[in-house]
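Shown here is one chain on its own, the form predicted on its own, set out as C-alpha cells.
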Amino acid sequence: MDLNDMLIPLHYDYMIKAIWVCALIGGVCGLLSSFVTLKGWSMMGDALSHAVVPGVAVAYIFGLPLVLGSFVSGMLAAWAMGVIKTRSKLREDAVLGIVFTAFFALGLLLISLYPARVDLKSIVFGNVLAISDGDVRQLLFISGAVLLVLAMKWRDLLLFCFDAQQARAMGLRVAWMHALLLMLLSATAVAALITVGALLVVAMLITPGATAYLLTDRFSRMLGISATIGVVTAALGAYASYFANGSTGGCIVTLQTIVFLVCLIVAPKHGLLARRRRERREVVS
C-alpha cells in the first residue's frame, strides 16, 4: 500500500468528520477516565453508560436534546443505586448490576416499541460515519461543557477522588462533587455513545486512564497521558475502520486495549517486566 492509498480516507468529508469527532470524544473520555480510575468507579462508569440508554431513547422519540434525556436517566439511575444501597444489605456491585441492566433493558424496550423513531443499531453500536450535523452540534456542546467544568474543578475533583474524607475536612461539599462527577460521566457517556455505542462506552471511559495510571504517579501527567491516548487511538481507530471495513467503535477500543496491554508489560515502574526485575533484585539481595 503506497502513500496515495493511505490518504484515501482523507478524500471523503464523512471520514474527516468521523476522525475529528472521534478524536474529540476520545480526548474528553481520556481526561474523565483519569478521575474514574483514581476514584475506582469503573463499575459506575459501566452502569451509567448503560443507564443513559432509556433517556437517549426517550429523547429520540420526542425530539428532545440527547443530553437532556441522558442527564435525567443517568441521575435517576444514580439515585436508584443510592436508595437501594442505603436501604438494603446488598453489596455495591450487586446494586450496580441490577440497576444498570434494568435501565438498559428499559431502553431496549422503548426502542423496540418505537422502532421507526429510534435507530437501535446506532445507540447500541454507534454510527459515527453517518453522524448528522445536529448530533455534531450536541456533541460539541457536551464536550465543551465537560472540558470547561474539568478545567474549573479538576483540583476539587482530584481531592474528592483521592480521599473524600479529607476533601470534606477541607470544606469541600463532597455530595456536590459526587453529583458533579456523575453528571460529567452521564454527559460524556452520551457523547461517546454516538461514536462507539452503549456497549463500548465504558472502555473509552476506563482504558485510557488505566493505561496512564501504569505510566506515571503524578495526576497532572496522568491527565495529559490519558487524554493523548484517547485522542490518538480514537482518531487512528476511525481512520483504520475505513480499511478494515469494520466497526469504528470496535477499532477504537481494540487499539486502546493493545496500548494498555503493551504498557501493562513494559511500563518502566508499574509494568510486569519492571515488577519481575524488582523481584529478582530482592531475591539476589
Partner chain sequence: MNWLEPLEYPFLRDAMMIGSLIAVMCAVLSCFLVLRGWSLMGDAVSHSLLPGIVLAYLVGAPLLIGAFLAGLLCAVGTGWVKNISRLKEDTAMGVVFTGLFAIGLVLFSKVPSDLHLDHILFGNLLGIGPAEIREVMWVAFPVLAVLLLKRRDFLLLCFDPVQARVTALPVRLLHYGLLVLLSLAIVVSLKAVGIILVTAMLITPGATAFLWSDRFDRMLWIASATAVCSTVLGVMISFHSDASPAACIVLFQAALFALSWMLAGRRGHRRRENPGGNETGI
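Residue numbers count along the first chain shown, from 1. Owing to the predicted nature of the structure, the values given are computational and were not obtained by experimental measurement.
The same protein has a further form, the form predicted in complex with the partner chain, not shown here; the description that follows concerns it.
K.L.:
So in the predicted complex, is the partner chain close enough to Leu214 to count as touching (4.5 Å, heavy atoms)?
P.N.:
Yes, Leu214 lies within 4.5 Å of the partner chain in the predicted complex.
K.L.:
Look up in the predicted complex whether Gly224 has a non-hydrogen atom within 4.5 angstroms of the partner chain, and give yes or no.
P.N.:
No, Gly224 sits far enough from the partner chain in the predicted complex that none of its heavy atoms falls within 4.5 Å.
K.L.:
Check Gly134 for me: does it contact the partner chain in the predicted complex (non-hydrogen atoms, 4.5 angstroms)?
P.N.:
No.
K.L.:
Even though the partner isn't displayed, in the predicted complex is Phe62 close enough to the partner chain, meaning a heavy atom within 4.5 Å?
P.N.:
No, no contact at 4.5 Å.
K.L.:
For a quick test of understanding: in the predicted complex, does each of Ala94, Val124 and Phe243 have a heavy atom within 4.5 Å of the partner chain?
P.N.:
So, yes: the whole triplet contacts the partner chain.
K.L.:
Which one of Val58, Val67, Leu236, Met43 is close to the partner chain in the predicted complex, taking close to mean a heavy atom within 4.5 Å?
P.N.:
Of the listed residues, the single hit is Met43.
K.L.:
State the residue from Leu148, Ala130, Ala179, Ile98 whose non-hydrogen atoms include one within 4.5 Å of the partner chain in the predicted complex.
P.N.:
Partner contact (heavy atom, 4.5 Å) among the options: Ile98.
K.L.:
Looking at 179-187, 135-143, 199-207, 68-76, which stretch has residues with any non-hydrogen atom within 4.5 Å of the partner chain in the predicted complex?
P.N.:
So the stretch in question is 199-207.
K.L.:
Which residues in 68-86 have a heavy atom within 4.5 Å of the partner chain in the predicted complex?
P.N.:
Those in contact are Val83, Ile84.
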